[in-house]
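What follows is a single chain, given as structure tokens, in the form predicted alone.
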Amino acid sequence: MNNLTFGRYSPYDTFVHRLDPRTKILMMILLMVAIFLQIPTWSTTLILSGLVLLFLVIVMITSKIKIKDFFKSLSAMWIMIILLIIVYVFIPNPNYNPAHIVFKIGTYGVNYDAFYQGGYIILRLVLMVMLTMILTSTTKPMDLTYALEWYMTPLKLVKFPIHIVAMTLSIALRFIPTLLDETNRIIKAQASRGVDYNTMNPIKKIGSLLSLIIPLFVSAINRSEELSNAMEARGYDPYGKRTRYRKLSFRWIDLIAFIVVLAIFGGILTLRIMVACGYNVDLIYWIFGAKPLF
């Protein structure tokens, strides 16, 4: 459970930490959209994805996010990655080019396209995890709540309870690291009582998971009840007029960061539009004057 880093804020004073949370949310949305703008030409798609990956690695290093922690986060998803590879490599697809067969298993040919599709989906997953980790590691939960509430301000016109939704999101984000710590505590306590969480026996595995899930649910319910009682005791009114101790403000560093991300998004979007208009978008051909091998 220590491998999960979503929701864990790292208190450093870096360029990324000082950015306005509203700017960071907008930049994350633009990069997520750019990641899913797939271009039919394989070489171009992989080059663009590699450039985005390099950009996010630089941002992580600048934000003092440990690459080791990122790989720990990915280690929790190795089963999903294996399943993706199996689905794309070993399930027949009639759209694959028969001239791109790598090797055969009996009469079934494994295609280059399968490896490309599986690898590209995994790369997308990696980029999404990196974006999420950067946002949650460099933004305080309350600042993230204020930013989301600011974006939902137009919904006030239709009497939408934006403050209640924002407060719910804030509490959920605050509870994630708390529940992870509680899970670790329960695992150690149950292991000291003889519960084996590493067993391969499916029946014993279910029993060991139940010994973890039931106390975790009870603890979560107790914590939520304590939190609600504390909020009531302090006179919290979800419909009252709200004030802010700390005001969010855009600065020149937010503008610079947004322009950089907008340039990345604009470049990928431009290439996607060129493909829709019938242009041959092949970066290897443009740069080296040669076609890719496949």
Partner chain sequence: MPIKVNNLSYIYLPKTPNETKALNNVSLEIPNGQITAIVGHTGSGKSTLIQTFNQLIKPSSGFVNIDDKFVVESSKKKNKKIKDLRKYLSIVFQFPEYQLFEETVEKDVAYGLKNFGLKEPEAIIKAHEALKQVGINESFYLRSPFELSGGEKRRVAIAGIIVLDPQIIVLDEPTAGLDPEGSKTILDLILSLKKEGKTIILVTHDMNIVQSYCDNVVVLNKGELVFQGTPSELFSTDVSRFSIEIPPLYAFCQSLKQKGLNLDISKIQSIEDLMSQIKEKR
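These figures come from a predicted structure and were not determined experimentally. Numbering follows the first chain given and starts at 1.
Omitted from view is the form predicted together with the partner chain, to which the following refers.
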Within 4.5 Å, heavy atoms only: does Q190 come near the partner chain in the model of the complex?
yes
Contact test in the model of the complex: L169 vs the partner chain, heavy atoms, 4.5 Å:
no
Consider F15 of the chain shown here, and say whether it contacts the partner chain in the model of the complex, taking contact as heavy atoms within 4.5 Å.
no
Give a yes/no on whether S208 approaches the partner chain to within 4.5 Å in the model of the complex, heavy atoms considered.
yes
Quick check: do T132, K159 and G235 each get a heavy atom within 4.5 Å of the partner chain in the model of the complex?
no
Determine which one of 140-148, 213-221, 169-177, 79-87 lies within 4.5 Å of the partner chain in the model of the complex, judging by heavy atom distances; exactly one does.
213-221
What is the one choice in M128, M152, I121, V195 with a heavy atom within 4.5 Å of the partner chain in the model of the complex?
V195
Scan 27-51 and write down, in order along the chain, each residue with a heavy atom lying within 4.5 Å of the partner chain in the model of the complex.
none
